[in-house]
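Presented below, as structure tokens, is a lone chain in the form predicted on its own.
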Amino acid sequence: MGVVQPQVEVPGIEQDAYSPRRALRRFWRNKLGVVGLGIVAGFVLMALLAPAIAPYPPLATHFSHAFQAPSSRHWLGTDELGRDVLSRIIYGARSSLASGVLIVAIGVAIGVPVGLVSGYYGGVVDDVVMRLVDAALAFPALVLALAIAWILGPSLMHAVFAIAAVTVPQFARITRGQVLSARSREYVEAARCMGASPWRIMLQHVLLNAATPIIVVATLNIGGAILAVASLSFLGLGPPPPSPNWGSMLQDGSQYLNMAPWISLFPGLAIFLAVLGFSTMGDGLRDVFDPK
């Protein structure tokens, strides 16, 4: 027979305060968070169903249909080569969302372990790691990403790696700050007294309790990563043409703002909505996990 552990009642705190069901209820009460989740879900579905919902192939050119204004045939108009703007925006969601998620995933995969080790061990390890992080954060993020992307050459993956390299120090510093506040807690001291290894303490006790702010920051950073990729693409350091990408579509349409503003207007609106969706969803998650 197993041993039944007694439940400890904490005065003033409900037992289900941090249960998934209660967290979900709190999130649904956050109207902006729900709106952000809906926007993100819409873009994800649009990217997944692109071949089924796009009215035209994204690379199909029809010079006789160039610069057509939005109509029933082309809902968002056509560009300078007669390509359907709506179709290119739908397919561009794939590269934009994938690059944003991949950038944050790389930042978390590298920055979190670095910050975890630095904050837990402290001493010389912490000093060396944090000085390197400070040196990386001293450069403007976009300028550093531009320099890396220019060295690597124009490519979507090169742009992703360039922006991810700037994101790693941010996650390392955030994780270190959470670890510094968690490593002196009673449950960590109890784990040490019971003979737990440092890696088990870091992963099972420290990291799990420091994961909430990391998740929130990661969600917020996806929108920033999408915007950064669009910026590099606008400057010609993203995927080469004719790949559909929101940033390169902005750059292509910038030459025709007077005669065909829809070429840049709608890709810019897509970037705005995607960033807004991830930002408001991240704010909703922050409110859900707020201990107050």
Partner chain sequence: MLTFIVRRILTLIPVAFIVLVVTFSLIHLTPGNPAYTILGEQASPQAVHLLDVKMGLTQPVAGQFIHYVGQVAQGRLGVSLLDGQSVMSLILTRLPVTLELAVLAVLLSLAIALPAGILAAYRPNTWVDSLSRVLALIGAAVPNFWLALLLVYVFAVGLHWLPSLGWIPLSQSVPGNLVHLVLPVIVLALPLAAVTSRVLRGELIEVMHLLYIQVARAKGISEWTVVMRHGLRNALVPVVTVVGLQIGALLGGVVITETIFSLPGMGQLVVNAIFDRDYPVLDGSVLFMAFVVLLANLCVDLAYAWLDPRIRYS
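Residue numbers count along the first chain shown, from 1. These figures come from a predicted structure and were not determined experimentally.
The same protein also exists as the form predicted together with the partner chain; that form is not shown, yet it is the one meant from here on.
### Heavy atom within 4.5 Å of the partner chain in the predicted bound form - the one residue of 105, 142, 203, 125 that qualifies
That would be 142.
### Query
So which of 41, 69, 32, 59 gets a non-hydrogen atom within 4.5 Å of the partner chain in the predicted bound form?
Contact residue from the list: 32.
### Query
Though only this chain appears here, would residue 45 touch the partner chain in the predicted bound form if you measure heavy atom gaps against 4.5 Å?
No, residue 45 sits far enough from the partner chain in the predicted bound form that none of its heavy atoms falls within 4.5 Å.
### Query
Quick one: does residue 81 come within 4.5 Å of the partner chain in the predicted bound form, counting heavy atoms only?
Judged by the heavy-atom cut-off of 4.5 Å, residue 81 is well away from the partner chain in the predicted bound form.
### Query
Would residue 225 show up as a contact with the partner chain in the predicted bound form if we use heavy atoms at 4.5 Å?
Outside the cut-off, so no.
### Message
When the contact criterion is heavy atoms within 4.5 Å, does residue 261 count as touching the partner chain in the predicted bound form?
### Response
Residue 261: contacts the partner chain in the predicted bound form.
### Query
Counting only non-hydrogen atoms, which stretch in 182-190, 88-96, 107-115, 147-155 is within 4.5 Å of the partner chain in the predicted bound form?
Of the options given, it is 147-155.
### Message
With the partner left out here, which residues of 252-279 have a non-hydrogen atom within 4.5 Å of the partner chain in the predicted bound form?
### Response
Those in contact are 254, 257, 258, 261, 264, 265, 268, 269, 271, 272, 275, 276, 279.
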